[in-house]
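One chain is shown next in structure tokens, namely the form predicted on its own.
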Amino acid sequence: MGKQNIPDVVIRRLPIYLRVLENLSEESYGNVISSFELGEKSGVTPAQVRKDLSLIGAFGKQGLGYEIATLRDELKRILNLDREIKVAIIGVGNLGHAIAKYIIQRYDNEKDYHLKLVALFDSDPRVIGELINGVPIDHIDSFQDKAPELGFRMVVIAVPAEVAQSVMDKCVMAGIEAVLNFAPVHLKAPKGIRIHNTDLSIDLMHLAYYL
């Protein structure tokens, strides 16, 4: 099955499987993992694991399971994580700064982590020109020129809600294809641009119900 035919709900589970596999020690764990074990560590049923992995052409050996290294490499290929992907962040307040440090630290310390932060943008003149681990903070007005120059197609938006749509519009004009939005607002974009929303305030309120 081609990538375009894999349901998004499955694509959202593949990184969870990959994280589990990356955290396994093959020396102490062995080189094979069963669908039961992978499902237990991922929070899904063994049947769901088998169904999901069959969609990407990964078939385990009956009675044994999935070869860890092979499955890990296949998941990376499917998720495009077998090559370097350049990322930019718009909004370098506390949240944007923390996300930047996280991406940079993982890229520097993990040989198999392929998300590389190449650009930072803000509109606050007080932070323009500052460096975060060698990456300069540029003014948002330079975004459309910097996107093709630096070659990033993925952007993290970490700006206040009232300016988030105007920032999204700049991403559209610059040809950005994937956006992770932390602003607490629904963003509009043409078909073909993938937007994932992460609303920390909503998630916290959701959790508050269970206290």
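Heads up: residue numbers just count along the shown sequence, starting at 1. What you see is a predicted model; the values in this text were computed from it and never measured.
In what follows, reference is made to the form predicted together with a further copy of the same chain, a form of this protein that is not presented.
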(request) Please state whether all three residues I16, N80 and R83 have a non-hydrogen atom within 4.5 angstroms of a further copy of the same chain in the predicted bound form. (result) yes
(request) Report yes if any heavy atom of V49 sits within 4.5 Å of a heavy atom of a further copy of the same chain in the predicted bound form; otherwise report no. (result) no
(request) Answer with yes or no whether F182 is in contact with a further copy of the same chain in the predicted bound form, where contact means some heavy atom within 4.5 Å. (result) yes
(request) Would you check, heavy atoms only and a 4.5 Å threshold, whether A178 touches a further copy of the same chain in the predicted bound form? (result) yes
(request) Using a 4.5 Å heavy atom cut-off, state whether S42 contacts a further copy of the same chain in the predicted bound form. (result) yes
(request) Would you kindly say which of I103, L71, I140, I137 lies with a heavy atom within 4.5 Å of a further copy of the same chain in the predicted bound form? (result) I103
(message) Do any residues of 180-211 have a non-hydrogen atom within 4.5 angstroms of a further copy of the same chain in the predicted bound form? If so, which ones, in sequence order?
(response) L180, F182, P184, V185, H186, K188, R194, H196, T198, D199, L200, S201, I202, D203, L204, M205, H206, L207, A208, Y209, Y210, L211
